[in-house]
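Encoded as structure tokens, the following chain is the form predicted on its own, with no partner shown.
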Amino acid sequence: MVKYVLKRVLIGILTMLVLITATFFLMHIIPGSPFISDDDTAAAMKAYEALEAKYGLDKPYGEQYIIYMKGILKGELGESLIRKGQKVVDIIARCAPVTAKLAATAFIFSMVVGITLGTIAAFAKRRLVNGVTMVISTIGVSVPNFLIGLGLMIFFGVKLKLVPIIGLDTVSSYIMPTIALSLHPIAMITRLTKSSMQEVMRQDYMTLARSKGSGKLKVIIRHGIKNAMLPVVTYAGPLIASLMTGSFVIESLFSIPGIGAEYVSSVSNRDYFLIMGLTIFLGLLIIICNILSDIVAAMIDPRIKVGK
């Protein structure tokens, strides 16, 4: 198990290094600058050169890269080029909790509803139950979350005025963003749970457990759910990361001051250091989630670490 974990960690470190390097050079190769304006007078050009010198952007790319990597090793991500006097680390520390709360709420909601619907659909004999499950799954997979969010906002927020449509100041304000983010994961988890549970119930060991006199519900709880959850656990790691990164549009739609809003703003303003810092943070989050997901999956099914 230790060897398996170390292998996953080393792959994660290598992936992170490639991500940082690729993002750094892409940001600098693309034409343009955060300091360029329509004013091309001598004074403006002198001020432009002074700003580039201040932030080290006048140095060769290779030298800038080495300086930036040394800063990362010290835990420094630089200072925002647009937000004067604000460090990238401080901006992330302020915005990340907002996005994390929304993502955590959507994750829990997705897992509970998805596993419940999938389990019910796996054992339901009525066509109505399976039909409702398939409708929910189809809508979740095919309809973009921003359209779902917009529809919820218009109907429940504007017409009925039941919940707030801006910010995350109250518990009720989480309802619409959470549903908009969760429908696609719920659809995926429902399908994974249903197919996996049906496959598990056909296994010989489940038949043997039933033949020993154990009730169907007891067999499902003791043996079925654990083995059926492997695909869901494998999906859970990337899901957490995708909810963090996939909330950008939803944050913009509901005016939520999270990482998504900062990322969009940094790209629009070509704020190199903020783009890099947010990319590193989100990339690290995705890698950690995937590693944890692999470890939990290996704990559930030891055969995984043997084959990888």
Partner chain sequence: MNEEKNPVSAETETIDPAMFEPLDDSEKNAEFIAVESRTFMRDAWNSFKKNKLALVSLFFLIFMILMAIFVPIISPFTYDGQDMSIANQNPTWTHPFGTDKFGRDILVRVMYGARISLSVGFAAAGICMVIGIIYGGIAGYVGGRLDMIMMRVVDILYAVPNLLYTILIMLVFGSNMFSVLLGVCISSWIGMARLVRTQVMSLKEQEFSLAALVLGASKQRILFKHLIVNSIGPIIVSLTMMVPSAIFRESFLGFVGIGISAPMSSWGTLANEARNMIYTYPIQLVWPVGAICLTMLALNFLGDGLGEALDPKKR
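Positions refer to the first chain, counted from 1. Quantities reported herein were computed from a predicted structural model and do not represent experimental measurements.
Although not depicted, the form predicted in complex with its partner chain is the subject of the following passage.
Of the listed stretches (144-152, 196-204, 67-75, 118-126), which one has a non-hydrogen atom within 4.5 Å of its partner chain in the predicted complex?
It is the stretch 144-152.
Taking the shortest heavy atom distance, is residue 238 within 4.5 Å of its partner chain in the predicted complex?
So residue 238 counts as contacting its partner chain.
Examine residue 165 and determine whether its closest non-hydrogen atom to its partner chain in the predicted complex is within 4.5 angstroms.
Taking the distances in the predicted complex, the answer for residue 165 is yes, it comes within 4.5 Å of its partner chain.
My question is simply whether residue 57 lines the interface with its partner chain in the predicted complex - judged by any non-hydrogen atom within 4.5 Å.
The answer is no: residue 57 has no heavy atom within 4.5 Å of its partner chain.
Taking 4.5 angstroms as the cut-off for heavy atoms, does residue 9 touch its partner chain in the predicted complex?
Judged by the heavy-atom cut-off of 4.5 Å, residue 9 is well away from its partner chain in the predicted complex.
Within 4.5 Å of its partner chain in the predicted complex, which residues of 97-121 have a heavy atom? Give them in sequence order, or say none.
Contacts from 97-121: none.
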